[in-house]
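A lone chain, given as structure tokens: the form predicted on its own.
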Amino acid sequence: MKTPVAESRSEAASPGPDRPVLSVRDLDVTFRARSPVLAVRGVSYDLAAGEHVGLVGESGSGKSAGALALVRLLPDYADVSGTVMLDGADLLRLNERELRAVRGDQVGIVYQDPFSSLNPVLTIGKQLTEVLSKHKGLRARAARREAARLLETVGVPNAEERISDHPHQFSGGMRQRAVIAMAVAPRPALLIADEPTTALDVTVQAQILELLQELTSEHGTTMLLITHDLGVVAGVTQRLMVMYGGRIVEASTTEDVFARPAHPYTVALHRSLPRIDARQERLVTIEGQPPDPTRPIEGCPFAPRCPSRIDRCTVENPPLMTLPTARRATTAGWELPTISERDGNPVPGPASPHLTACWNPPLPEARSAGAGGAG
């Protein structure tokens, strides 16, 4: 039986530069509580076929909530709105049966804690063969052979023997490799890797990232890599989106974001990275606290922590703008309608220019000195 996404693929042309694999528009996530928690606010972006994109931000910025909302894996008390188009099917409008067919088949997920995402009472082989039987239609013996091959592919030694082990018999790195094998087994169109190297030592982190890059490149899989660490995405992704306060505040190619950061929060993230070419008595930190997600944000969400904010930052939230527009936005007459007429509503995507949500983007000398522009 074809999934709704598979049906849309057979009826329409293959995804190309003008038709992304994943198209997210105006994604909002609110958790119902005594004071509603506004976790994600109006997020939009496109992902192209085979593209590797990083989503970066500190804890609480909305990265994981926004990613899990794509396939409706958030708890029942989360309200999600917007559109999430995967090859022509809106995942937020599918019923539960249709959505179960998409999860694990067209969308694979690698969670940050492999132990909690594996069933502790089932063997690794049982969990892998279940995926292969459900999504690839393999019978028991063929599924077990394929499961062993997959474990070998992701670097698990003695795969034929280890397939009968339970999760507690694997190390943290080996468990994550098993989870990756399950995620890529059906060859999904999209792989969401949510902090896949958390709690792993540096050597294993590098191995896991290299493995993800190799497998997704081999199968032409689009990968969304979520992390709080800029260093993790440096050599793995082609594009970066930086989130803060539930919003995307900067987006461009990975090279451009590293060479020419255009939002003071991104500059601050760069400064907080330890350097091996300079002696540092103390690591640089970002002063202040992230915005309270239970309260509406007036102005730029980063303004209270920005060392060089201007008056406009505290009263008006900047939209995503191209850099030329952002540099003119402080001049007279450049109100939001003017900006909208000049730029339209730019959406981060493979063909989009460098975008920033800042009323006064940092200049080159400010970037090198570590001082941001306005919030």
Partner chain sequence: MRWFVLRRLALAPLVLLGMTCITFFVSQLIPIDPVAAYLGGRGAAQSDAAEQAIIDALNARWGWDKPIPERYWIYLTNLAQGDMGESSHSARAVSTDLANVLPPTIELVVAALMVALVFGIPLGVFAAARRGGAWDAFFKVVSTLAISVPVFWLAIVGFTVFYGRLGWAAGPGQLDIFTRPPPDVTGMVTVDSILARRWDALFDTLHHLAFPALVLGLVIGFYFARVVRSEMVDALESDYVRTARGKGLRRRLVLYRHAFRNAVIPVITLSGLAFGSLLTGIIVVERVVGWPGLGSYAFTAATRLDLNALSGVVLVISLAYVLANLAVDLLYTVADPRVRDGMSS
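Residue numbers count along the first chain shown, from 1. What you see is a predicted model, and the numbers here were worked out from it, not measured in a lab.
The protein also exists as the form predicted together with the partner chain; that form is not presented, and the subsequent description refers to it.
Asks: With the partner chain left out of view, choose which of A199, A140, V284, L122 has a non-hydrogen atom within 4.5 angstroms of it in the predicted bound form.
Replies: Partner contact (heavy atom, 4.5 Å) among the options: L122.
Asks: Identify which of E130, E195, E146, D256 has a heavy atom within 4.5 Å of the partner chain in the predicted bound form; exactly one of them does.
Replies: Checked against the cut-off, the match is E130.
Asks: Looking at 239-247, 147-155, 300-308, 96-104, which lies within 4.5 angstroms of the partner chain in the predicted bound form, counting heavy atoms?
Replies: In the other structure, the partner sits against 96-104.
Asks: Since only the chain is shown here, I'm wondering whether K134 would be in contact with the partner chain in the predicted bound form (any heavy atom pair within 4.5 Å).
Replies: Contact with the partner chain, yes.
Asks: Using a 4.5 Å heavy atom cut-off, state whether A67 contacts the partner chain in the predicted bound form.
Replies: No, A67 sits far enough from the partner chain in the predicted bound form that none of its heavy atoms falls within 4.5 Å.
Asks: Spell out, yes or no, whether the shortest heavy atom distance between M182 and the partner chain in the predicted bound form is within 4.5 Å.
Replies: Yes, contact at 4.5 Å.
Asks: My question is simply whether H166 lines the interface with the partner chain in the predicted bound form - judged by any non-hydrogen atom within 4.5 Å.
Replies: Yes - in the predicted bound form, heavy atoms of H166 and the partner chain come within 4.5 Å of each other.
Asks: At a 4.5 angstroms cut-off on non-hydrogen atoms, which residues of 37-74 are near the partner chain in the predicted bound form? List them in order.
Replies: Counting only heavy atoms within 4.5 Å of the partner chain in the predicted bound form, the contacting residues of 37-74 are L68, R72, L73, L74.
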